[in-house]
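Below, in structure tokens: the form predicted on its own, a single chain.
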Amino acid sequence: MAKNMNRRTFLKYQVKGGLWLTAAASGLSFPKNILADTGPDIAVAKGSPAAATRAAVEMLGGMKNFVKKGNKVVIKPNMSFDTPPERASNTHPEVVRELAVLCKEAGASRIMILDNPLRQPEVCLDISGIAAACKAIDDRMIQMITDSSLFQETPIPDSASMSKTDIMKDVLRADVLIAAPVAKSHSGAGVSLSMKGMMGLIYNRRVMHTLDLHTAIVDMASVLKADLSVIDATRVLSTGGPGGPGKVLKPDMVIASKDMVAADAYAVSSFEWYGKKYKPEQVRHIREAHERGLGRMDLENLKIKTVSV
């Protein structure tokens, strides 16, 4: 958890962790409801984008399990490309909208949908359909942040490749971070999912391509570790990513987990990439994240629940 020290939630977890350790050392027992099963490690819902998003989050205990009343929330979708939903290079607008609705229902005081786009911001928002989908909720939620003054240099403790990076100040001040990537291929990283998608929250992503990209992704994910990952696999860009065009699969699926490594591992194992099937450990940044304790890729040992809606 120390690797997540730049997030406001670190202090909260530090206090809670200390209380649990103190109680355990004192020989205290815990009520059964505290130790009870909290649901699946990975929730998979099949159906239309909005319904599947809601169902997947509900299987994890609902958004109130992640967002408390008064929390400031950042949702990080893919919205960097000036392409329509059927191209599968951006998160489906209905997935983004439903996540914002769920956060609002949970009592969030502020919801920010953020990205540092690769193409012209206004065009990306227009053609992706995300701006129109979210306008009725709050037309100020979506922000394309490109001004360097809105980023803060942040150290990465125990890094293996990238020792620091500039992160959006709004992200550093947020109580909850939700990863909401579309499942897509990537010419450099193999796939772009929850962890890789965090590159849209830093100022200079190009520097990562001058380093060992896979290791840099894991370094970055150690400080931008999502509290909830919701992968949009309603369409999957299985070739030609990240911008396309390429082969688009249509699984009509949403994958959710508290563990961004597990979510990514499940997405890799569930679909064909470049015409082939792969195991999670064959994607190096997923394997390294597992080995460094950021999450789990051992799907055979995780509880996975699937529903159709």
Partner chain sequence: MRFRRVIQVITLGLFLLLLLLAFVSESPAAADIFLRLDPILVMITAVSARIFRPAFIPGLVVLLLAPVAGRIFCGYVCPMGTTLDGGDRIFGPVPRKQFRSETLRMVKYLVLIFLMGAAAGGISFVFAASPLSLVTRFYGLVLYPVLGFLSHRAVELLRPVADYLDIRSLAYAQIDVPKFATQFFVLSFFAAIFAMVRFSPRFWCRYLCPSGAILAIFSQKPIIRRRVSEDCTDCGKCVRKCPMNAIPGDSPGLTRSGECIICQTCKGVCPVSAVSFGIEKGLPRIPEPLITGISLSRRGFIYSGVAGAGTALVSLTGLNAPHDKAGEGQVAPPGLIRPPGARPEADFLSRCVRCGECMAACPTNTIQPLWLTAGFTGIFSPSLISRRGVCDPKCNRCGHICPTDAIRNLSKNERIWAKTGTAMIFRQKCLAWEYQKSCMVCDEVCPFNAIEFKREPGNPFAVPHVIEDKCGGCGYCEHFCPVNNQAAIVVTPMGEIRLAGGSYEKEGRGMGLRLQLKTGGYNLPPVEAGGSAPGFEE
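Numbering follows the first chain given and starts at 1. On a predicted model such as this, the values are computed, not experimentally measured, just so you know.
Beyond the structure shown, there is the form predicted in complex with the partner chain, which is absent from this document and is the topic of what follows.
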- Item | Option touching the partner chain, based on a heavy atom within 4.5 Å in the model of the complex, out of 106, 160, 172, 213 | 213
- Item | Contact residue in the model of the complex, from 112, 220, 133, 201 (heavy atom within 4.5 Å of the partner chain) | 112
- Message: When the contact criterion is heavy atoms within 4.5 Å, does residue 66 count as touching the partner chain in the model of the complex?
- Response: no
- Using heavy atoms and a 4.5 Å limit, would one call residue 190 a contact residue for the partner chain in the model of the complex? yes
- Query: Though only this chain appears here, would residue 82 touch the partner chain in the model of the complex if you measure heavy atom gaps against 4.5 Å?
  - Reply: yes
- Message: Using a 4.5 angstroms cut-off on non-hydrogen atoms, would residue 86 count as touching the partner chain in the model of the complex?
- Response: yes
- All of 125, 235 and 294 within 4.5 Å of the partner chain in the model of the complex, heavy atom check: no
- Query: Based on heavy atom distances of at most 4.5 Å to the partner chain in the model of the complex, which listed stretch, 93-101, 221-229, 174-182, 136-144, is the contact stretch?
  - Reply: 136-144
- Query: Listed by sequence position, which residues of 286-301 have a non-hydrogen atom within 4.5 angstroms of the partner chain in the model of the complex?
  - Reply: 287
